[in-house]
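This document opens with one chain alone, in structure tokens, the form predicted alone.
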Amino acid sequence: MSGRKLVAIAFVLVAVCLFSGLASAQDKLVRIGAMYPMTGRSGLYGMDSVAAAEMAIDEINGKGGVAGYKLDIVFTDSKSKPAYAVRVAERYITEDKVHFLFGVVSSGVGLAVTEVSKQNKVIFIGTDHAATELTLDNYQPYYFRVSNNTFQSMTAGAMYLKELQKERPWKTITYIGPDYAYGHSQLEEIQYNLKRFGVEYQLISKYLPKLYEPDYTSYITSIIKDKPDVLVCGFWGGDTVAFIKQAKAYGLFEKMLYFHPDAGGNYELMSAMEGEMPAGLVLSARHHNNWPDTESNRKYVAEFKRRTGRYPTYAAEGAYAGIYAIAKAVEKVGNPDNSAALIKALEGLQIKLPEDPEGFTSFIDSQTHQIVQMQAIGISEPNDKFPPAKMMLGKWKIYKAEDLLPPKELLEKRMKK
């Protein structure tokens, strides 16, 4: 081949590259800066959140995007460290010029990032952290959460325990949960709601291990000595798996009712335990692979499984919901640059999600910016339809979304606007 032809071919290739780059630069983008843990006990939540967010973006962009814009997202490992996540969020805002901050799993990280959001007036879509402080005490107009908070879960939990007293009389409770905002919120809110619903009981002990505690032996033996009727647990992720595995060896579950109404029913617990998962535990989560039994939920679970080779943890559905919330808000406003208009669009936004049963659509409460959803609490029982899990939840009790909202007097006491 002659030198002239080589030069000509090279020129064409450069021209094509330059044209492609120019076209890419001219694409109108909704820029999203996401943070999730990618390693350690919470790493699976991060990986599932990334996969589900990408799935939602592919679905939306595959249909042409929204309002002439394509969704574009960048992910960074939050390392579950608030100070590090703050630096990432600030970089997203100053260097990447994101329209939305997105994600995080730990409530401690969420509480740190919401301050960055507030200071810089950039909307933060919280997809999977549950401390109620974020939508009450630490409320700020640029923060929205698209998964249930601990108050909603603990309200449903208190309702369940009230009903249980009629079927299986109980009088005493012990609580164990992580020693930070998420764990403290659950303890405070289960007590608040039991009192609100007129349930007579005694909290005989409480334990607050540090996050990612490797050995729960001393706590387990103390709980067994306490002899509560009900053990209310507030762990999440790998901490739940570790605690249940260790507690099973001591026969704890034969001695009391294990009740875990927020994140105890996560699929990764069923998957990690396989055939070792005890039957008869009372659990819930923010999304279940086998409830509701709707076409939407079946389709979501099947597509996630097709893309990743595994069934989704509950964290995935929060990320999926967050992307669709952004898309609907941008579609209503017409562009991603008007934060004030986007806030108005997100307030009261209705969004049909995989976890919604027939006849109900999730919506964002305009006062607190908290999504409002129904909650299902179930009991672990044999079910091999979602391998490697050998147990899933069944015998469901369902709680209406509107019944899980904080009462007016609590809102007035805790919200700071």
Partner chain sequence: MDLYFIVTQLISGFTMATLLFLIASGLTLIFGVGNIFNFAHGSFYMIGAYFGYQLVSVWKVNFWIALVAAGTGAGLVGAAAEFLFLRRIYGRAQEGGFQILLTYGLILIFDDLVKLIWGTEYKSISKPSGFTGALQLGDIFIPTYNFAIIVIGLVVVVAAWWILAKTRPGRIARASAVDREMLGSLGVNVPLVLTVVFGLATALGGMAGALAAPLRSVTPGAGIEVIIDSLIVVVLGGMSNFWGAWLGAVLLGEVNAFAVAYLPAWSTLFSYLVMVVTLIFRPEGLFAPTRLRKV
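What you see is a predicted model; the values in this text were computed from it and never measured. Residue numbers count along the first chain shown, from 1.
If you look for the form predicted in complex with its partner chain, you will not find it shown, but the lines that follow are about it.
Only one of the listed residues (324, 253, 201, 219) places a non-hydrogen atom within 4.5 angstroms of its partner chain in the predicted complex, and that residue is 219. Comment: its partner chain is not present in this chain, but in the predicted complex one of 339, 246, 297, 140 has a heavy atom within 4.5 Å of it, namely 246. In the predicted complex, at least one heavy atom of residue 310 sits within 4.5 Å of a heavy atom of its partner chain. When contacts are judged by a 4.5 Å heavy atom cut-off, residue 197 does not count as touching its partner chain in the predicted complex. Residue contact with its partner chain in the predicted complex: residue 328 places no heavy atom within 4.5 Å of it. For the chain shown alone, residue 207 is a contact residue for its partner chain in the predicted complex, at least one non-hydrogen atom being within 4.5 angstroms. Contact check for 40, 179 and 225: all three have a heavy atom within 4.5 Å of its partner chain in the predicted complex. Contact with its partner chain in the predicted complex, defined as any heavy atom within 4.5 Å, is confined among 353-361, 43-51, 60-68, 375-383 to 43-51.
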